[in-house]
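Below sits a lone chain in structure tokens, taken as the form predicted on its own.
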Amino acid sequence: MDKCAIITGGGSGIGKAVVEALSREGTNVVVADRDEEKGGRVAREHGGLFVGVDLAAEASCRTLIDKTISRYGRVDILINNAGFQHVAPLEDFPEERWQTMLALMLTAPFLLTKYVWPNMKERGWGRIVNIASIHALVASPNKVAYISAKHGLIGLTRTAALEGGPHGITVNALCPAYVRTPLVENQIADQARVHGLPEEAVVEQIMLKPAAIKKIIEPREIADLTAYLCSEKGRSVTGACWTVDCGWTAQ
């Protein structure tokens, strides 16, 4: 029977690339996204199911799993990818943004993992990949909520991996540096404002400054690694935090 994968934030960026990679391998894809136009288009292009949800609202997490199981009868793969960024000094960081970002990027992955767990355990097979960030491992100024959520996601990954191992469930995290996505493109103006730089200087002087390889990562690179972790070839890999950071953390 064909496997079924849920990809949150699947309407653009890394999520869209993961949908494409898994679909090429014959996996049924469920695209979860707030953007009905983009998410719906991606789902249609790959013969999948689109579920319009705001995963910062806890009830939406259950809705997503219920609709997936109603359509496909199973969840084999969960890709926790949805997220957004807000750049501001800690003392000025809006409290409501803190709450929303942690709800979307930490609480939602926990709930989705919890809700798919019985389905995966029943069949003795499951793959969960959490799209974290290099900021799950290191910090930068002015991103307190994003970095806190991503650090927490690593703890969720490692704990779930230990519990899932006896049941054939692997859980891993990917920690990429800057990837060519709408989220990163939108950060350029924010970073320019906070640091008092022209936008054209942000990529070179801030985004790529710590990296050994001076390039923005392409979404396809992250998607290919995700597809490997979701395959039988990746069955012995769990609890890992894969850095795809162009040498950022080699220093």
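The structure displayed is predicted, hence computed values, not measured ones. All residue numbers are counted from 1 along the displayed sequence.
Although it is not shown, the form predicted in complex with nicotinamide-adenine-dinucleotide is what the next lines describe.
- request: Just one of 169-177, 112-120, 155-163, 70-78 has residues with a heavy atom within 4.5 Å of nicotinamide-adenine-dinucleotide in the predicted bound form, so point it out.
  value: Checking each option against the 4.5 Å cut-off leaves 169-177.
query: Would residue 107 sit within 4.5 Å of nicotinamide-adenine-dinucleotide in the predicted bound form, counting heavy atoms only?
result: No, residue 107 sits far enough from nicotinamide-adenine-dinucleotide in the predicted bound form that none of its heavy atoms falls within 4.5 Å.
message: So in the predicted bound form, is nicotinamide-adenine-dinucleotide close enough to residue 145 to count as touching (4.5 Å, heavy atoms)?
response: Contact check for residue 145: no, nothing within 4.5 Å of nicotinamide-adenine-dinucleotide in the predicted bound form.
query: Closest heavy atom of residue 55 to nicotinamide-adenine-dinucleotide in the predicted bound form, within 4.5 Å or not?
result: So residue 55 counts as contacting nicotinamide-adenine-dinucleotide.
message: I'd like to check something about residue 40: if you look in the predicted bound form, is any of its heavy atoms closer than or equal to 4.5 Å to a heavy atom of nicotinamide-adenine-dinucleotide?
response: Because no heavy atom of residue 40 falls inside 4.5 Å of nicotinamide-adenine-dinucleotide in the predicted bound form, the answer is no.
query: Among the candidate residues 225, 188, 208, 183, which is the single one with a non-hydrogen atom no more than 4.5 Å from nicotinamide-adenine-dinucleotide in the predicted bound form?
result: Partner contact (heavy atom, 4.5 Å) among the options: 183.
message: With the partner left out here, which residues of 108-129 have a non-hydrogen atom within 4.5 Å of nicotinamide-adenine-dinucleotide in the predicted bound form?
response: None of them.
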